[in-house]
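Next up: just one chain, as structure tokens, the form predicted alone.
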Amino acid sequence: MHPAFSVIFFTVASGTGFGLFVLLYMADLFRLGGGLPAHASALTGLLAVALVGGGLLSSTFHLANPKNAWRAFTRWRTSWLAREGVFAVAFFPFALAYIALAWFDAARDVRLMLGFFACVLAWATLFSTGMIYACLKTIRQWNTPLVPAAYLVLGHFSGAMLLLVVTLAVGASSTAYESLVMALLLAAAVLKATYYFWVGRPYGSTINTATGFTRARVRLLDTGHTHDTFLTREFGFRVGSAQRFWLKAAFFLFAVAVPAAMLTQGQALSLGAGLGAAVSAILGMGVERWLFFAEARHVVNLFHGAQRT
């Protein structure tokens, strides 16, 4: 699949924003590290909402007619894309009300109730985003429960990295936040390693199974066109095996190895080290998301010369 920058930015930014908000709420609920100051908590919440809003806005640039984006909300009964939009829009009023109460450090019970509803909607949105891709049986690399699981875990991991930076910036105790980041980092590494092993297995549809002729090797004699079409540009994007290997290595380097090294250096974590780890992790997330789209092979390619998807 063609890896559009707008969709990559949308999934990384909104996933980070949702993960950041959920973990901010958890920190408030359980008072991790003694809790964040009221204004720091509210400003972090605004950062999370800004990331979600910016990501959602960027997703419209992938549409041929962005002014028709409202139509994406109309099929929520059957479409994961519509459910994602409905859940995301419903998230904002609860999140903003929670942030307003956090700013004044008021009405803790009401604040936590509003935050809980916002967290449920954040989880529902992240899951729906993953299911947009996981429900597509025509793309083997996406049609697996590992995809929505990865969206949830990676969103929380990148959000945890930003929350750790905020904790270091305000001088709060960061021990609990460092442990949270390491746990999510390990979960993300295991999940993506499992996904890359699964996606690399040599099975899937072939031109024989697509046409139903299974007793002899089938090959395409004529594609029916003499130049690229929308299908070949959008669904026929190719990435070499060597490039895939190095991109996967880059993900584990930037998103896993570098943050882990900075967090386990054996001395008190500084703000600079925490910020460097967060930047490295989000850079690795961008690499992972680009490869997620580039590595996907739609079965339509079988009718344009490919022998296997």
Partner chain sequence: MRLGLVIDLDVCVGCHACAVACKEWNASGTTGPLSDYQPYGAEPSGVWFNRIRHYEVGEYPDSKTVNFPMSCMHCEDADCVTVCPTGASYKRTGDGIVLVDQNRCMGCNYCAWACPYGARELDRSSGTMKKCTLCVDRIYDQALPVEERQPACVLTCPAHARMFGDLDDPQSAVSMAVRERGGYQLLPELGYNPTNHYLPPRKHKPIPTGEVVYGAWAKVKKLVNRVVKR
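No experiment lies behind these values; they were computed from the predicted model shown. Positions refer to the first chain, counted from 1.
Heads up, the form predicted together with the partner chain isn't pictured, but that's what we're talking about next.
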- Query: Exactly one of Leu96, Ala82, Met182, Leu146 has a non-hydrogen atom within 4.5 Å of the partner chain in the predicted complex; which residue is it?
  - Reply: Ala82
- Between the options Val239, Leu101, Cys135, Leu191, which residue brings a heavy atom to within 4.5 Å of the partner chain in the predicted complex? Cys135
- Query: Any chance Arg75, Ala216 and Val299 all have a heavy atom within 4.5 Å of the partner chain in the predicted complex?
  - Reply: yes
- Item | One stretch from 103 to 111, 192 to 200, 146 to 154, 127 to 135 that, in the predicted complex, holds residues within 4.5 Å of the partner chain by heavy atom | 127 to 135
- Check whether Asn65 has any heavy atom within 4.5 Å of a heavy atom of the partner chain in the predicted complex, and answer yes or no. yes
- Message: I'd like to know whether His304 contacts the partner chain in the predicted complex, with contact meaning heavy atoms within 4.5 angstroms.
- Response: yes
- Counting only non-hydrogen atoms and a 4.5 angstroms cut-off, does Gly171 reach the partner chain in the predicted complex? no
- in the predicted complex, does Thr175 have a heavy atom within 4.5 Å of the partner chain? no
- Query: Across 13 to 27, which residues bring a heavy atom to within 4.5 Å of the partner chain in the predicted complex?
  - Reply: none
